[in-house]
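First, one chain by itself in structure tokens, the form predicted alone.
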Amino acid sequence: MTLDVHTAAVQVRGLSRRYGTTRALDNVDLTVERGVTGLLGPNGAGKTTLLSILATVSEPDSGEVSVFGLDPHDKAERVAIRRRLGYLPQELGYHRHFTVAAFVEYVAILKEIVDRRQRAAEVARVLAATGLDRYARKRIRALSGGMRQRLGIAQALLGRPDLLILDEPTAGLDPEQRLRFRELVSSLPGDPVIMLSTHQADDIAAICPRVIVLLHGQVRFAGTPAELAGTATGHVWTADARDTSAHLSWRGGDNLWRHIGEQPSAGAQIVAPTVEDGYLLLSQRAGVR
């Protein structure tokens, strides 16, 4: 089956998914092109549900999904998608008695890397890329939470996937490891489609040319990080005292109160908004608490 590299990488139309009385996704439409797209939203926004559907792990109640022009509802086309997919779910389910290298090799076998030399080279490549090569013989049960997260990223990179889906990849990583992750994602060869979800707005600003904000199972914003920051222009200000009319307020390291809200108070200093400011303003307007 031929991969169509010219069509939009991912297209979603009218996607909905319920869990009992909870609507995880509500008539979602979106298009994702090649490059890095960040999915930003709070817990319960539907990020994991959306990514699991795109990774062909779960199915929607209604709507259509196209991945490189392939339909995951069709069995043969679903297999074709999976052969081009790297996926890090929130809960990977490690075999804790495995060593680091043995686990990655096991996943490589599942991904149909059958030639032993090729498989060994690929395992070595992803372990080196994630800084786990020195821990290759260490058992997973002895790893820290951050190292297990890096192991999850390593297995997702096997086979140089054309579609890389990462659900909260920086969760549990310390600041240096997060910077290493940004470097890794930014330096991946070729032009893969990368979708990653996060709570960290600074990760979005650092590595994602495009961001999608998902709130209450609906897409509330799709655009560039600069455009998301721009939605809060004129709605972020500082003052000596707390303004109780603001949606959110906190005291910064400069001892000034920073506010996000609808109407700055008299005498307030309007400041340039960040990506986080734009996201927080959207969240407050959507009633997220």
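Position 1 is the first residue in the sequence shown; the rest follow in order. A quick note: this is a predicted structure, and the numbers were derived from the prediction, not measured.
Omitted from view is the form predicted together with a small molecule, to which the following refers.
Novice: Would Tyr19, Ala24 and Lys47 all count as contacting the small molecule in the model of the complex, using a 4.5 Å heavy atom cut-off?
Specialist: Verified in the model of the complex; spot residues all in contact, yes.
Novice: In the model of the complex, is there a heavy atom of the small molecule that lies within 4.5 Å of any heavy atom of Gly69, even though the partner is absent here?
Specialist: Although the small molecule is absent here, Gly69 would stay clear of it in the model of the complex, with no heavy atoms inside 4.5 Å.
Novice: Would Gly230 show up as a contact with the small molecule in the model of the complex if we use heavy atoms at 4.5 Å?
Specialist: So Gly230 does not count as contacting the small molecule.
Novice: Considering only heavy atoms, tell me if Ser186 and the small molecule come within 4.5 Å of each other in the model of the complex.
Specialist: Result no; Ser186 lies far from the small molecule in the model of the complex.
Novice: Is Ser144 a contact residue for the small molecule in the model of the complex, using a 4.5 Å heavy atom cut-off?
Specialist: No, no contact at 4.5 Å.
Novice: With the small molecule left out here, work out from 249 to 257, 36 to 44, 234 to 242, 54 to 62 which stretch has heavy atoms within 4.5 Å of it in the model of the complex.
Specialist: This holds for exactly one stretch, 36 to 44.
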